[in-house]
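Here you get one chain, nothing else, as structure tokens; it is the form predicted alone.
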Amino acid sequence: MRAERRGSTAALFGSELLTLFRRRRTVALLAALALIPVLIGVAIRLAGDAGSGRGPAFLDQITNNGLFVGVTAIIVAIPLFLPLTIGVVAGDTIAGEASHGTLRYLLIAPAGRLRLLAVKYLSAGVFCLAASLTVVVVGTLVGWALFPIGPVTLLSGSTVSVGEGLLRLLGIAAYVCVSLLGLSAIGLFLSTLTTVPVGAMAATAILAVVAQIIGALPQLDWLHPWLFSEHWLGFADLLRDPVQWASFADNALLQAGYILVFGALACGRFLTKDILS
């Protein structure tokens, strides 16, 4: 019996992933994210170095080492573009099915409500990883094509090989993915509150902006440690030697708290919700 449930859950998860990544909207979101490092690389290639201290962090390093295109692109994407795409996907998880009239059919055995909710969240988590990797991988490829590639000078002043630099870039993508899981849980919960997916999408994106505005106000510094966006830029510690893993652990713990709280709220709402469509 358990084997059958696992098999049905895996099949449902696989079907959900295929549906998600076959949508034109998902492809368009990933293409928009891929455009960020392309624009950065082409602009620097055509216009030249902007000079030290101007623009996003690591921008002045790109002409010396193309691997920094991916890092700069992540810094540009994480305040707005990544949360916006995550808001679209997470906000559509349940509300999208309800608006299309397919939610009732998805809940037919063997897919129960909790199982469907878990599958929807896991699919949103996979998109978080895909979105982060898109920015980093495309940025690395653009940097490789347009600029010289060599050993990476870290924030601590030491130098690592190209291979280790690439591994650290993958680590940054993983860090950013974890950073977005809390926002995904919020989006999932909001998606259970409505049958209008646009409302859940917009609310999720707005909350991401509000959290960052609060995080920029020193008058509210007592609230900063509780904001899901507090450690979003902490991946810079992966560019130190040795790597400072404390920020990664703090970020993962914070996101886990948001997942537990908003996951529980989503379960409570979804289990008691009348499914009319």
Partner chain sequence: MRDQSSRTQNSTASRTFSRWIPAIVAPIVIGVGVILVPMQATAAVDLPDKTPAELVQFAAESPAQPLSGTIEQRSELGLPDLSGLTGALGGAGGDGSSAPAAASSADLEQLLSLALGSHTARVYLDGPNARLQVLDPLAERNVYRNADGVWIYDSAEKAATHITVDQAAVEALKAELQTGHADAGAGAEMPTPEAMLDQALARLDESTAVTVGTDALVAGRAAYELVLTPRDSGTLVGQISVAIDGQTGTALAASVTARGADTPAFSIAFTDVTFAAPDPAVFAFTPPAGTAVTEKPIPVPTAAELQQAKAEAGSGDAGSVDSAAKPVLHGTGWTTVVELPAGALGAPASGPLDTVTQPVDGGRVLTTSLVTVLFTSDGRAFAGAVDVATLQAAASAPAASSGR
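Residue numbers count along the first chain shown, from 1. All figures in this text were calculated on a predicted structure; none of them were measured in a lab.
Below, we turn to the form predicted in complex with its partner chain, even though it does not appear here.
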property	result
Close approach of P218 to its partner chain in the model of the complex, 4.5 Å, heavy atom	no
Contact label in the model of the complex: A202 to its partner chain, heavy atom within 4.5 Å	no
4.5 angstroms heavy atom contact with its partner chain in the model of the complex for A57	yes
Distance check, R240 to its partner chain in the model of the complex, heavy atom within 4.5 Å	yes
Listed residue that, although its partner chain is not shown, lies within 4.5 Å of it in the model of the complex (heavy atoms), from I206, L129, L80, L155	L155
Partner-proximal stretch of 133-141, 81-89, 178-186, 155-163 relative to its partner chain in the model of the complex, 4.5 angstroms, heavy atom	155-163
Any residue of 241-266 that, in the model of the complex, places a heavy atom within 4.5 Å of its partner chain	D241, P242, Q244, G257, L260, V261, A264, L265
